[in-house]
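This document starts with one chain, in the form predicted alone, laid out as structure tokens.
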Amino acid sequence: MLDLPLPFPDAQGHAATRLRVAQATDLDRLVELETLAFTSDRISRRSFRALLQSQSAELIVAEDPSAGDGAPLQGYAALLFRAGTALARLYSIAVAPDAVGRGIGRRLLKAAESDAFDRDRIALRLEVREDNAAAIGLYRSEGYRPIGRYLDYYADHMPALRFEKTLRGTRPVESGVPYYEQTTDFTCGSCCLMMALARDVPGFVLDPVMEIRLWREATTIFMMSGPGGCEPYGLAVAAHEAGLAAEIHVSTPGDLFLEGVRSAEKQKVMGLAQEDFRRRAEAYGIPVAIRPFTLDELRAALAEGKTAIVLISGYHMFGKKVPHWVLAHADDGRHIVIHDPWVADERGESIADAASLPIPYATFDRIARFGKVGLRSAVFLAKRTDS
């Protein structure tokens, strides 16, 4: 579809429009178009430059091929592709005021879908102002379905509506697990636990106070060099005490996450905290499997309606070599569907980039491990049947 102009002028006599992938030389024209198309919430020059250079983004531009180099652009569509996932997001789409009404926005949208499909993405998501009736009408007419609403999303406090279109296969599985974004750099584990609790424990409330409380209850905390993170035994104990049935899977016995800790004192404190979690897990009768969980075991658990807090390497998701917890909550037959509590705001991400992410089986199996030893761990969670 890209780099091909319409063969004839449109019904109003306007010149043909060509769509192509944006180049670095389009930067000035993209900024000019953004200024004309929007009065607020504009993408900055710096952000456009980052999008043009990013391997996880694509900019498609619309132009009049007869206008010559340097002529104003007629429109653009910006796509984001989160690494390791089968999801794409339409970050922004714009049409020049003098080109509105010529179908350019619809062509850009279809080109974005085609690009996402070619990259083996199964769905395309987007956000739109709640008062933008024309854009909402376009998305609905192209088969997009509403999947959520953000309050106070834009600079003028206007809410945003979230839409999604399935590009291949059937609709993603609906597990009923709500999404919650972590509010700190270190509470991914407790946020995953919160999301599981919100579905399976009546009356549970998602809020930052509970986020910190569960983190405190599940972490190998050591404050001298910053807050610590959650570990599997602590998460399982916290889950049990909050009303869920838990099952621990860990590939290595004994203390975890100590290989990068240089301070002997810190290692000692973390080891004692983990020993306390292990003793409490044993006292509660929480099952423990000292071996790597398999993809088949995870899929079987999801098929039974369970969720799983799974350890992954943050490097594969957001480029940082840190342990990171995500919540696996569904399986669509090709992908493990996760909620990732981390939203990379600095890269222009929103919740649409982190909630219900479809991860191809092979990719998930590869990233579900951490460190030089390839630590593999998960906490399977289910509704309690003894209460």
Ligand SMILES: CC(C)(COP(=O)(O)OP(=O)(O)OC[C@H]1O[C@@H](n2cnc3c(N)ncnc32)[C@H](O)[C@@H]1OP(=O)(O)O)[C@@H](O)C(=O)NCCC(=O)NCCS
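Take the two forms, find the largest set of C-alpha atoms that superpose within 1.5 Å, and that set is the rigid core. Start at 1 with the first residue shown and count on from there. These numbers were taken from a predicted model, which means no experiment stands behind them.
The following text describes the form predicted together with this ligand, which does not appear among the structures shown.
This ligand is not shown here, but in the predicted bound form it comes within 4.5 Å of a heavy atom of Arg106. Of the heavy atoms in Gly137, some are within 4.5 Å of this ligand in the predicted bound form.
Remark: Gly101 counts among the residues lining this ligand in the predicted bound form, judged by a heavy atom distance of 4.5 Å or less. None of the heavy atoms of Glu247 is located within 4.5 Å of this ligand in the predicted bound form. Put simply, of Glu127, Asp115, Asp200, Glu211 only one has a heavy atom within 4.5 Å of this ligand in the predicted bound form, and it is Glu127. Here is the short version: of Leu79, Ala94, Ala242, Met194, the single residue with a heavy atom within 4.5 Å of this ligand in the predicted bound form is Ala94.
The chain is drawn here without this ligand; in the predicted bound form, the stretch among 30-38, 351-359, 327-335, 63-71 whose residues come within 4.5 Å of it by any heavy atom is 30-38. Once both forms are fitted on their rigid core, the CA atom of Tyr139 lies 2 Å or more apart between this form and the one not shown. Comparing the forms between this form and the one not shown on their rigid core, the Cα displacement of Arg334 stays under 2 Å.
Relative to the superposed rigid core, Cys191 undergoes a CA displacement smaller than 2 Å between this form and the one not shown. Here's the thing about Pro358 and Arg107: their CA atoms end up at least 3 Å closer in the predicted bound form than they are in this form. A change of 3 Å or more separates the two forms for Ser92 and Pro358: their C-alpha atoms lie farther apart in the predicted bound form.
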